[in-house]
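Look below for two forms of one protein chain, each set out as structure tokens: first structure 1, then structure 2.
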Structure 1
């Protein structure tokens, strides 16, 4: 037995790298989606809030991430938009991050056709608007005015049914910021605190710990935490997607690494006991 474990310690590490590579890739090739488990309360709070809104409510989303963070944030953005459409809510999308303008289209262009939703009636993309804090403050008084009455394609927002009755934050039932930077803090400081707008966030895992205190204090409706949060939300709406697929790959790879660590330690201690 000791000889077996000793030989395991001498295996070329490149074989281990190959096994890890296979563990990561196979779920994507096979479409394996493992259960997400019990959703965290911070994720569930956003789901419950959207689910509890009356049909026809207005949800504002701000897509503030680049392709570098797309793997974590796009699955949750799609899941939330899909949930909003399922509940019969209107969606107004925008971006305060330059590359977010492209990310908005990736989300809406996939989800809206699947849900048979019509542009300008059920949803609209207001596009990218530079200025961050100035934009957030301005929208508290006049949303259409801040965007100069044009959407991302130059169409008049004021003529769209989706914008009917929407003047400022008083007419927005929930705002969710999907971000990889510090923009969520601006939404909390200015939209939530000054205008009492209900705000939720979907962020990368590395940012989530900084935002949980705002959720605990009631300043955030909820926090969707990275790829795990995306998988949880997909599980809540019972529509498996890239979040659950990515978590399956990550979970299998982590389990394999833990197995190798345990095996290596057993071999090490047995080798030390050898005369």
Structure 2
């Protein structure tokens, strides 16, 4: 038995890569569907908050990730925007991350036509603005002023129906930051603390553990955690997307990694006991 474990400990790691790759690909090829589980309270809280807002409410979304994190964050951004449109809310999109400017377009260009929403009336892309903390603080006083009264295409924000009655954070009903960096902490510190803006976050799974304490303390409305959170949100709005599509692969890959961890530990302890 010890010899088997000794050999396993010396196995070429590329075999493990191949097994993980197979675990991810097989559900796609076979159409295998595993249950994604019940939505976590952190995700449900954001869903419930958006659902509870009166139609016509204003939801600000900040898309602060690059293509490197797109696989995790884009499905949740699309699901949340789809939900906001379904509820009849207005969406103001922006980016504090340079690459976020094109990520915003990917989300809005897909979801808005599906939901028959009109640019400038139902939603707007204010584009990227550099200087994250200064922008967040400035928006507390004058949102249109911070964006120099121009959207991402150079059109005047002040003439758009979607911006009617929107002066500062007092007129924003919920802000959601989709982020792969530290920007959610700036929203918590400046927008939440100083202006009492309601903030929710959709973040990569790596970041989620750092943000859960802020949700438990009531500083965040909720936390959508990586692809799992996206799948939960898609399940809540009953519109399957890329999040739910990948969950079977996620489950099998996780089971395989747990198996490797257990196997590795047994091997380690057996090797330690060897005289």
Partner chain sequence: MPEAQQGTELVFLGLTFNPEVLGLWLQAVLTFAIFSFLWGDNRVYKFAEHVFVGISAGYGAVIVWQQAVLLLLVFKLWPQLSAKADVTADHWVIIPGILGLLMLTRFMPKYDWLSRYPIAFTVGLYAGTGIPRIVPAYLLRQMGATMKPLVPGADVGWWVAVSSLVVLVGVICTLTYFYFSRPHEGALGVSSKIGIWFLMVAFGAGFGNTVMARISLLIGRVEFLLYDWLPVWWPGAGL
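From a predicted model like this one, the values you see are computed outputs, not experimental measurements. Positions refer to the first chain, counted from 1. Heads up, when I say rigid core I mean the largest set of C-alphas that superpose within 1.5 Å between the two forms.
Undergrad: If only one of the two is the form predicted alone, which is it?
TA: Pick structure 1 here.
Undergrad: Please state the CA displacement of residue 256 between structures 1 and 2 in angstrom, with both forms fitted on the core.
TA: Residue 256 is displaced by 5.6 Å at its C-alpha.
Undergrad: Cα of residue 265: shift between structures 1 and 2 in Å, core-fitted?
TA: With the rigid core fitted, the alpha carbon of residue 265 is displaced 11.2 Å between structures 1 and 2.
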